[in-house]
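The chain below stands alone, shown as structure tokens; this is the form predicted on its own.
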Amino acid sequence: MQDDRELVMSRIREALAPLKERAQYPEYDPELPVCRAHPEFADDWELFSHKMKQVNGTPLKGLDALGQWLAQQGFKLGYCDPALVETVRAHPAFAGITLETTFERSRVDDYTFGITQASGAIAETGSIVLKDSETSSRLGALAPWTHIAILKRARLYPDSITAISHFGDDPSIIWATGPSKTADVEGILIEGVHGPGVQVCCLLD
């Protein structure tokens, strides 16, 4: 039996099936889109942290810092990517925090946070890259008020051009630059409208 998402996706696949060849990416000077108007930092993580804070994001380094931050927020229950849960649960800072590896729609309000893997991050913009193929649960990443992206340092790219060169063939990729936000009603900025209201990125070396 198809759920609503699969029904929509199947119709999209049917519509795209006659299109055997996709359009090529446009050509451009790779130096033009690189942002250089920012202070100098010791490394890409420091630049990323600076940029992420500018858009109300929360950069954290290591599971110890993440566990302490969750405890400070009073968060006790969350969703966690099955590929990460063993490592996260084993860390002492997560004592007393329950991690579930299945996101149940009927309990959407029970989850105070969702932990998924980041496919990459962009230092010059403070953005997190989420590929559909590498995100264990799209609902687990979008529905809880707080989303935590676990980032491996090797996937922290200095600029957008470098990140794009690592896109691969995934047709669905999200760039999250801080919490979800909109200002289309009288120019008033509101966060957490179409997705998480708190965006965290936790760096693992």
Partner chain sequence: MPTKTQQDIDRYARDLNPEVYTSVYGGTKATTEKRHDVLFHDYPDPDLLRRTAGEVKQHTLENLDTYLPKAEAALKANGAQVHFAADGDAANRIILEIMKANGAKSMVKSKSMVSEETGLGHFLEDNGMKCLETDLGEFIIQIDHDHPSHIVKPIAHKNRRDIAKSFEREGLGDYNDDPATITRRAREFLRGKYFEADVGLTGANFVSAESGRLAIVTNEGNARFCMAATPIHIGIVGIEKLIPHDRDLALFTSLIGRSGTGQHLTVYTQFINGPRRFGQPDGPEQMHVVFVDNKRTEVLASNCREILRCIRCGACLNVCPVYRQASGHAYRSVYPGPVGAVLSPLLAGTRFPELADLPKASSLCGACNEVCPVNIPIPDLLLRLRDKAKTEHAGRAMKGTPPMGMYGLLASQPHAWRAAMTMGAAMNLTPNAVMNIIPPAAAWNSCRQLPKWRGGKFRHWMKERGKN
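Rigid core: the largest C-alpha set superposing within 1.5 Å between the two forms. Positions refer to the first chain, counted from 1. The model shown is predicted, which means the values in this text are computed figures rather than measured ones.
This protein has a second form, the form predicted together with its partner chain, left out of what is shown; the following refers to that one.
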Check your understanding: Given that the partner is absent here, does A65 sit within 4.5 Å of its partner chain in the predicted complex, heavy atoms only?
Key -> no
Check your understanding: So, in the predicted complex, is E46 in contact with its partner chain at a 4.5 angstroms heavy atom limit?
Key -> no
**Study point:** Contact label in the predicted complex: S133 to its partner chain, heavy atom within 4.5 Å
**Key:** yes
Review point. Though only this chain appears here, would D109 touch its partner chain in the predicted complex if you measure heavy atom gaps against 4.5 Å?
Key: yes
Practice item. For the heavy atom contacts within 4.5 Å of its partner chain in the predicted complex, list the residues of 166-205 involved, in sequence order. Key: F167, G168, D169, D170, P171, S172, I173, I174, W175, A176, T177, G178, P179, S180, K181, T182, D184, V185, E186, I188, I190, G192, V193, H194, G195, P196
Point to revise | Rigid-core frame, C-alpha of A37, shift of 2 angstroms or more between the shown form and the other one | key: yes
Point to revise | Per-residue C-alpha change between the shown form and the other one, D169, threshold 2 Å, rigid core fit | key: no
Point to revise | CA-CA separation of V8 and R138, closer or farther in the predicted complex than in the form shown [shift of 3 angstroms or more] | key: farther
